[in-house]
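Listed next as structure tokens: two forms of one protein chain, kept apart as structure 1 and structure 2.
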Structure 1
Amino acid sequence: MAIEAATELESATAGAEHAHTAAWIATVLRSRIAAGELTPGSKLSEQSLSTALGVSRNTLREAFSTLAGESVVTKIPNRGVFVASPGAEEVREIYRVRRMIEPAAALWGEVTPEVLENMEAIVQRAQAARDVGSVPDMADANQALHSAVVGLAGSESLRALMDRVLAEMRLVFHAMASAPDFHSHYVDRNVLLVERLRAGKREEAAAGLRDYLDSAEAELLGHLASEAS
């Protein structure tokens, strides 16, 4: 009995470690997508990734399944796994989630001096990027600011959810490559958001953020529609 119990415990422990490894791989790939290192349509090679990350292909496939469930990658039978290219419905779902989370975090989250300093540094980076016309740097700053907004909630669960959303957002941003001014006119709105938080105008910050998200969604959907026509 003792031997059987020990064997079962070892099996359970090995399974837990395996699951943790798959979750870690999913996090790594998600982060690379959110950082723009993996672009829409690019193929994810099992052989290359399993070697680079030091894991088995089975573990890697579990991570792919997780990301496929998040719409971050697409699994095509007999062809492989590809970084997703979000369409209109994916954009709508992204903004449904963002509208529920971000304004609430701005309204009720904990705004500390340290958090505000970080946000102000982010929007300064965005302004500098706009001044030199760097779209990737503006996109990076935008991602960082909205991640910081969700961070106001102090919830690891919401932060993990936002990481998934930001990975999808990065893929959506690639669709805006032919509209380089997309990010530029949201820089000032991000500055205003931080100014309102600094002034303690939480309701104005939340309302402005909802309007911001509505405008961004409409612009993205309009661009996707024009590209498809």
Structure 2
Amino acid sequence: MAIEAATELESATAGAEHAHTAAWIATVLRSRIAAGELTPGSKLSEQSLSTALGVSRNTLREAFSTLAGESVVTKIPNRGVFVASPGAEEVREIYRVRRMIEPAAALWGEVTPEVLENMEAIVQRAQAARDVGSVPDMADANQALHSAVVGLAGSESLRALMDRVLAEMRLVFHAMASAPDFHSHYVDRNVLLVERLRAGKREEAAAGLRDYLDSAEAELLGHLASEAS
């Protein structure tokens, strides 16, 4: 049975290149965690996973090393690796980062017409998602917008950091038993943000962003606190 599952999983991911197994496995696990198939806190056994993915334990371990570096996964010596399970402190850290780099990018980044177009398309997508009531689409659009904001900085490293942070945010939501309507009230603020950027009101945009992030953090922490685990 383990074997059948193995070939099944393997063929499910086939079609893409043999792009050097360890890296490949890392991307597979990354997306599977992001999709919520592997829930926060769950253990990733070397034996099960290596047979399930059809790779050797050594190769899997290599993938674990890179994922641990991205803190997608937490490695506890002699205990194993677990899907990262961010709590209140991690949420605070997430917002410490966002409260620095997002306003900084809004203030000092390079705002080009193309990026503005893109942002406007994104907020429209968010509005459409809200109208339809699709929470996942709204969350996606929201994250896409903030990713685009950081993109103003033009820095690959900051982009990567922001992506990591947003991935951790997704884990926070995955870890929550009841997903509240966290995104809908922020859609309008995002519209306002883009308008300010378009108008060249950088400082207002940055200040609004900081305010936005404070609210979002407070709300998220409130939800976390009310979920006694």
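Basically, rigid core = biggest C-alpha set you can superpose within 1.5 Å across the two forms. For numbering, take structure 1's sequence and count from 1. Quantities reported herein were computed from a predicted structural model and do not represent experimental measurements.
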In this pair the form predicted alone turns out to be structure 1
Superpose on the rigid core, then tell me if the C-alpha of Arg30 is displaced by 2 angstroms or more between structure 1 and structure 2.
-> yes
Core superposition between structure 1 and structure 2, C-alpha change of Gly69 at least 2 Å | yes
Under a superposition restricted to the rigid core, does Gly41 display a Cα displacement of 2 angstroms or more between structure 1 and structure 2?
-> yes
Per-residue Cα shift, Thr51, between structure 1 and structure 2 [Å; core superposed] | 8.0
Aligning on the rigid core, what is the distance the CA of Phe82 moves between structure 1 and structure 2, in angstrom?
-> 3.9
